[in-house]
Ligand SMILES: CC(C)(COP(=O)(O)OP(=O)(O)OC[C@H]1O[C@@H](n2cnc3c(N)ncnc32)[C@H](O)[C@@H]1OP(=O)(O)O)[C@@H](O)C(=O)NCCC(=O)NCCS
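In the block that follows, a single chain appears as structure tokens, in the form predicted alone.
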């Protein structure tokens, strides 16, 4: 006979949210099914997810949790919103019955929300798909490729075990919003993963014509070393956009380090994404590619917009603009110094390192200066109100590299977000 279960939500807005997550990981131990700490801390609340403590009901007030439910947005429709309920039991506490867990969690959720129980360590089905994109085989990964994706994460970012995404997420029932692999000559060459997102705040100006209740949070994109001259990242994003449109999803979100120029070139110039939000210390982790404060731009990709559809058709042929040839542009810094905070021109250019990863590795003091100055500039200029700036492109002046901001007005919003014909 199954035991009665009680559920208690954990407040992601509380000051000790990160510490509570660390305690949860301590209780659950090191297991490959756990979601990364940085994802739970920063992304789970952002996408409308939740973490819930589970107790044996007869003694919950005086006992430690016997398990946890991690709720990931899955889909929304006429019957309301559905979450994937990832259940993790605490070792030695006795497993809980799936129906009892689902019932307990359901009792503390709003009536219009429901869950789909999912056991991460279960025997899952992986159904691969294959689409040819310019000679690169792209599609959902099989079980072996899903495990290889986890190993690729470790090799590229040199992440600790608690910073890796579980392989089971790529299964048919994992509930992930996007799971794509790129294959070259039968070998894994790259991957893209993301989650469904239930927005928790108001829409940005100009986006009211697009669906808001269900979006994608594109979380991780990687290409294997030695495979980075075939624009595999761009191909994976093209397929992601196609699949989003097929699912009725209009908006895709992700974050990027503003100082990675190669990423800016892909995101803004070749994909048509834009950014008007900045988070100066989004993640607490440090790894090979993030040796200083992990600041991020929040990117928005309106996949049905005229701008994005044009970029998907011609983005591979477009390069950065020539900064020195733009008379309506103000350069607001020189390297990690000389910031200008009074620009009111139609466009601004923020200089970023030509190789941010190498700079962090070779000159930490200079890297910290770059981060500090660009953090101040982005915090000052970015926003969606008239007179503020969206980041929309990239530029160069000789060997110097820039991200380009455009001043917000009705004309710009129409140019960025008007739907394709």
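Residue numbers count along the first chain shown, from 1. Remember, predicted model here, so these are calculated numbers, not experimental data.
One more form of this protein, predicted together with this ligand, exists but is not displayed; see below.
Asks: Hey, in the model of the complex, is residue 336 touching this ligand, heavy atoms inside 4.5 Å?
Replies: No, residue 336 is distant from the partner.
Asks: Check whether residue 206 has any heavy atom within 4.5 Å of a heavy atom of this ligand in the model of the complex, and answer yes or no.
Replies: No, no contact at 4.5 Å.
Asks: How about residue 265 - does it come within 4.5 Å of this ligand in the model of the complex, if we only consider non-hydrogen atoms?
Replies: It does: once this ligand is placed as it appears in the model of the complex, residue 265 has a heavy atom within 4.5 Å of it.
Asks: Just to confirm, residue 158 within 4.5 Å of this ligand in the model of the complex by heavy atoms?
Replies: Residue 158 lies outside the contact set for this ligand.
Asks: To test your reading of this chain, name the stretch in 338 to 346, 298 to 306, 218 to 226, 128 to 136 whose heavy atoms come within 4.5 Å of this ligand in the model of the complex.
Replies: Answer to the contact question: 218 to 226.
Asks: Which of these residues, 174, 163, 233, 199, gets a heavy atom within 4.5 Å of this ligand in the model of the complex?
Replies: Selected residue: 233.
Asks: This ligand isn't shown here, but in the model of the complex which of 140, 270, 238, 183 has a heavy atom within 4.5 Å of it?
Replies: So the residue touching this ligand in the model of the complex, by this definition, is 270.
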